[in-house]
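Starting off, we have a lone chain in the form predicted alone, written out as structure tokens.
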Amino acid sequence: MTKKWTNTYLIPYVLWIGLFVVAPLAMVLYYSFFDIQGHFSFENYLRFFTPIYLKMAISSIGYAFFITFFTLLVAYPTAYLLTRMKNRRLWLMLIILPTWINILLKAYAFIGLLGTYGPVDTLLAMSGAGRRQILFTGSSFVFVSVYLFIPFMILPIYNSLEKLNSSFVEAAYDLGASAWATFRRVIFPLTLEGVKSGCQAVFIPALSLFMLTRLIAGNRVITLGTAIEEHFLVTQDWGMGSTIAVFLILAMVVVMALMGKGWLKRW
């Protein structure tokens, strides 16, 4: 009887997964085999391996890597400091709070901050550096992306640091290890699972960014996400857009596999 009820409770979950995960993925895969005229073809997959799309894929992976790297560089010390603060829950809430604001609103806020005659540009002019074109550059795209993804990196690292047994750290100091040696050989390895979870939470969505490439980078940064949007909404070439999406999904699966527990044990 218990097993029967358990199977009954699983029905809504299975329906949800089937309708909103499996079905969309199957549709993407299906449309990837049709050209712009609606004929069955493998042309889209052959086109993907041409220089223009390969360059786009490399650019996407490169920008996702830099976004993840700089996010980790800021998030780990922040999470470490949070675990040692008295009002840590309050500070953690202040870090999470910006995630409740729509990403589009935050993007437009940065357009005002980084744009010509904005506060940042004005400060540079007052300091004698002169007015600079900050907005619509690759650097501004990475900077804004890092800001948006920081909370998603901090949370898993913070949880790992909270669960860390302090006796291991104390034992390292008692044995004469320096602060850097303790961090490198004790703290970081024991919180590596949180680091990998954070990297996964940042790298995967960073691969498919497209709105920020228009608003912040001014289309000077072209990613696979931008190409998908372009094919679906502008050129109406759903087949090529679906093909790019298939390769993007495969890249995400590879990242998830590398960040999985099996690879974690082999670290």
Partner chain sequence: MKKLMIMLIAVLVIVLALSLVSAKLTGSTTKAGAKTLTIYNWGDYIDPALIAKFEKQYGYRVVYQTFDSNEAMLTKIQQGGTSFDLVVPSDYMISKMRDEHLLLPINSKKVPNLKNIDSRFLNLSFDPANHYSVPYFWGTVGIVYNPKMLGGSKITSWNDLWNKKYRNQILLVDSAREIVGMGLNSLHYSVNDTNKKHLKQTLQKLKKLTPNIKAIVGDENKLLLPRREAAIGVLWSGDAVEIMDENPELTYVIPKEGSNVWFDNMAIPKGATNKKGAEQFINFMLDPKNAAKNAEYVGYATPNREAIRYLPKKIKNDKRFYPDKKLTDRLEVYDNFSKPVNARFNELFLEFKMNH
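Positions refer to the first chain, counted from 1. Quantities reported herein were computed from a predicted structural model and do not represent experimental measurements.
The same protein also has a form predicted together with its partner chain, omitted here; what follows describes it.
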### Task
Can you work out whether its partner chain is within 4.5 angstroms of a heavy atom in all three of 92, 159 and 178 in the predicted bound form?
no
### Task
Would you kindly say which of 152, 80, 136, 143 lies with a heavy atom within 4.5 Å of its partner chain in the predicted bound form?
136
### Query
Of the options 112, 98, 189, 130, which one has a non-hydrogen atom that comes within 4.5 Å of its partner chain in the predicted bound form?
112
### Query
Even though its partner chain is not shown here, does residue 220 get within 4.5 Å of it in the predicted bound form, heavy atoms only?
yes
#### Entry: its partner chain contact at residue 55 in the predicted bound form, heavy atom, 4.5 Å
yes
### Query
Heavy atoms within 4.5 Å of its partner chain in the predicted bound form: does residue 204 have any?
no
### 4.5 angstroms heavy atom contact with its partner chain in the predicted bound form for residue 168
no
### Message
Which is the contacting stretch out of 224-232, 62-70, 195-203, 22-30, given heavy atoms within 4.5 Å of its partner chain in the predicted bound form?
### Response
224-232
### Summary
Of the residues spanning 144-162, the ones with some heavy atom within 4.5 Å of its partner chain in the predicted bound form are none
